[in-house]
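Next comes just one chain, in C-alpha cells: the form predicted on its own.
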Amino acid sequence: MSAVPLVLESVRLRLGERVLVDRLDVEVAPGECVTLMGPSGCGKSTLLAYVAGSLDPAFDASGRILIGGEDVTPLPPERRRIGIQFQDDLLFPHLTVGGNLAFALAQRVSGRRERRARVDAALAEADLAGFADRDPSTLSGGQRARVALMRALVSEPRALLLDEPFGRLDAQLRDEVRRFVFDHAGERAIAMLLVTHDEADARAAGGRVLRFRDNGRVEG
C-alpha cells in the first residue's frame, strides 16, 4: 500500500455559537505524527471525529479532508479507510483474539487460509504468536493495547487517529505501548493524528504539536 499524506484544509468546527476550530490547515506527511494538545472540551476529539466521518450532527463543520489527494469529506466512515485507536481498546468480547483481527482484515484478503496467515503474522509482529484462540479477557492491558493496534493496522488504513490511546496505562506500560504504536505505524508510513494531555506522549511521537486555544485558535 502506498504511503500518502493526510491534509486538513480550512477546517472549521462550531457548536452553536461557540467556535471550536477556526479554519485549520495542516498536512501530515506519511509516517509523521502530529499531536493535538489543549484543555478538555476545546475540540481535539471533535476534530478527529470530523476526520473519521463520525462527527455528531449537533456540530457545524466545514472544510475538506484529503488523503493522498482524494477528498474524502463526503464519504461515509467505512469508505475513508482511516484507522482509529481510543483510550479503551474496544476489543469485541464475543470474538477470540484472532477473530478480532480477522474482523478488521482488508476486504481484498480472501480465503480462510490467507486470512489466518495474515492474523498469525500480525500476532507474531506483536509478540503474541499463538494467541489467536485466546479470549481477549485473558490478556494483560499491554497485550490488549497491542492487539487493538494490530486490528487497526490489518485493515490497511491510509491514516491513523489516536485519541488518548495510552491514557489508562500505568507509566511503565505506557512507555512500552506508545513505542510499539509509533514504531509500527511509522514503519508503514501512515500519517497519524494524536490527541493527548501528556507532554511525554508528544515527545515520543516526535512530530509537530498543535495547541488548541480559546476562540478556535490552533497554534504550532
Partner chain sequence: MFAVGAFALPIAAGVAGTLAPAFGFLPAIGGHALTLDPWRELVRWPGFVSSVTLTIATGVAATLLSLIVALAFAAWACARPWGARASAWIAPVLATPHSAFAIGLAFVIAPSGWIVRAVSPWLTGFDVPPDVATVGHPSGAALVLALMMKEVPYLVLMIAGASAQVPVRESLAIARSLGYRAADAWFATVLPRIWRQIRLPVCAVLAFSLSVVDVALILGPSHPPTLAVQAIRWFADPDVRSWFPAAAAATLQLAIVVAAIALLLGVERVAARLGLARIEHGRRDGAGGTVAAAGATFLALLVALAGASIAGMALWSFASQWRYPDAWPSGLSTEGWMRRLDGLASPFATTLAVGAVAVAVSLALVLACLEFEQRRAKRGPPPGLALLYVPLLVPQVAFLFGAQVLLVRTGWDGALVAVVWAHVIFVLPYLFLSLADPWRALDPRYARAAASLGAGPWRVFWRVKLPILAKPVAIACAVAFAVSVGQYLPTLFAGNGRVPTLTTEAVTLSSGADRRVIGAYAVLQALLPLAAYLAAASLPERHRPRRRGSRS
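Numbering follows the first chain given and starts at 1. Worth saying up front: this structure is predicted, and the values here are computed from it rather than measured.
What comes next is about the form predicted together with the partner chain, which is not displayed.
Of the candidate stretches 31-39, 174-182, 63-71, 155-163, only 155-163 has residues with heavy atoms within 4.5 Å of the partner chain in the model of the complex. Within 4.5 Å of the partner chain in the model of the complex, a heavy atom is found for all three of L95, A102 and Q107. At a distance threshold of 4.5 angstroms between non-hydrogen atoms, R115 is in contact with the partner chain in the model of the complex.
The closest heavy atom approach of D127 to the partner chain in the model of the complex falls outside 4.5 Å. Remark: A122 does not count among the residues lining the partner chain in the model of the complex, judged by a heavy atom distance of 4.5 Å or less. Proximity of L139 to the partner chain in the model of the complex falls outside the 4.5 Å heavy atom cutoff.
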